[in-house]
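Before any questions on binding or motion, here is one chain by itself as structure tokens, the form predicted on its own.
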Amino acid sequence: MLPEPHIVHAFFGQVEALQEQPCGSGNINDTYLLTFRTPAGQKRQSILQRLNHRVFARPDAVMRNIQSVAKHLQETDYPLDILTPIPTTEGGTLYQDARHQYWRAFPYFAHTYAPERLPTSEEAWEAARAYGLFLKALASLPVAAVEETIPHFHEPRYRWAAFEAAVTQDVVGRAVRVKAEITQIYEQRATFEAIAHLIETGQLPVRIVHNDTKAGNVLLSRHNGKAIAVIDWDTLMPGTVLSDFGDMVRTFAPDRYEDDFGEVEIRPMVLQALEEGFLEGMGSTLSPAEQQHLHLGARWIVAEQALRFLTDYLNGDIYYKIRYPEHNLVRARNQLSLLARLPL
């Protein structure tokens, strides 16, 4: 669904929309690159996005988090561009249309790209450093400054319970087809228990973290490959940096994307670059326990993503966008293949 004229006008006034082009590869929201002409004849571009309110049940809280973090970053020496929301003509950050869909607008960072397809070691280092710089800057913002927008998002016991419920209830009758995958997930229970123990005993500090540090959420310059911005802040919430490092490993280090068929291999040089770049960006912010368990975090997040894809498949594909009936199953198998090749 392309943004209708009244949605464009809600953010930019009486401009002339020249082009509305879908962009990005996210599985949750709908994102468009809007090219428009102002009444003064200037040609400009911005991002318009429909926020999926079925996933983000509290859109106002999502935007409050984004505003709080943007303000904090503006007041620090954070070196990257900041994803500051573009207000509506009435001064808000959200516009609700007649279908009760929520829309928001953000700057478009021109001459950039997200290193989503087989990033090089150099791209991985630069992106990981950017994520590290982002988390380092947020370390001085009190955790209470952000709200939980998706309850239990990376909570190991909650994710495990949801998976077991999906297996038991088998609402669309798919469990019999995926017995092998279910068994593989159960073999990872110790990883979930280990992370839960580290969190519950306070060995891992609770921080404001990004929670979705995939390769598609960092922008690099097309001119020199340097990091320009960290984007997609919808999942900014209290959590552990292990999940952020884990999602980087999950999306940068494999030799194929999460939708691809076939066995996955790890690219060791990329994995090394991710760790080195992340540590460079974080500086002295990481605790000894966080540094010690970074690779456990990677195993946890890959296992969790396999579990989430399989859970959604068992539940009838109600969370992630799919392009064909077995899409979530293919994704789950991809993540299980990747998990088998991660270092212990």
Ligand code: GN1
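Since we're looking at a predicted model, the values are computed, not measured. Numbers for residues come from their place in the sequence shown, where the first is 1.
The form predicted in complex with this ligand is left out here; the points below concern that form.
Listed residues 214, 136, 207, 72 were compared with this ligand in the model of the complex; 214 is the one with a heavy atom within 4.5 Å.
Between this ligand and the residues 309, 32, 300, 278, the one pair within 4.5 Å by heavy atoms in the model of the complex involves 309. For a residue to qualify, one of its non-hydrogen atoms must sit within 4.5 Å of this ligand in the model of the complex; all three of 27, 250 and 319 qualify. This ligand in the model of the complex is not approached by residue 191, whose heavy atoms all lie more than 4.5 angstroms from it. The shortest heavy atom separation between residue 150 and this ligand in the model of the complex is within 4.5 Å. At the 4.5 Å threshold, heavy atoms of residue 181 stay clear of this ligand in the model of the complex, well away from it. Using a 4.5 angstroms threshold between heavy atoms, residue 126 stays clear of this ligand in the model of the complex. Residues within 4.5 angstroms of this ligand in the model of the complex, judged by any non-hydrogen atom, belong to 230-238 and to none of the other stretches in 93-101, 261-269, 230-238, 77-85.
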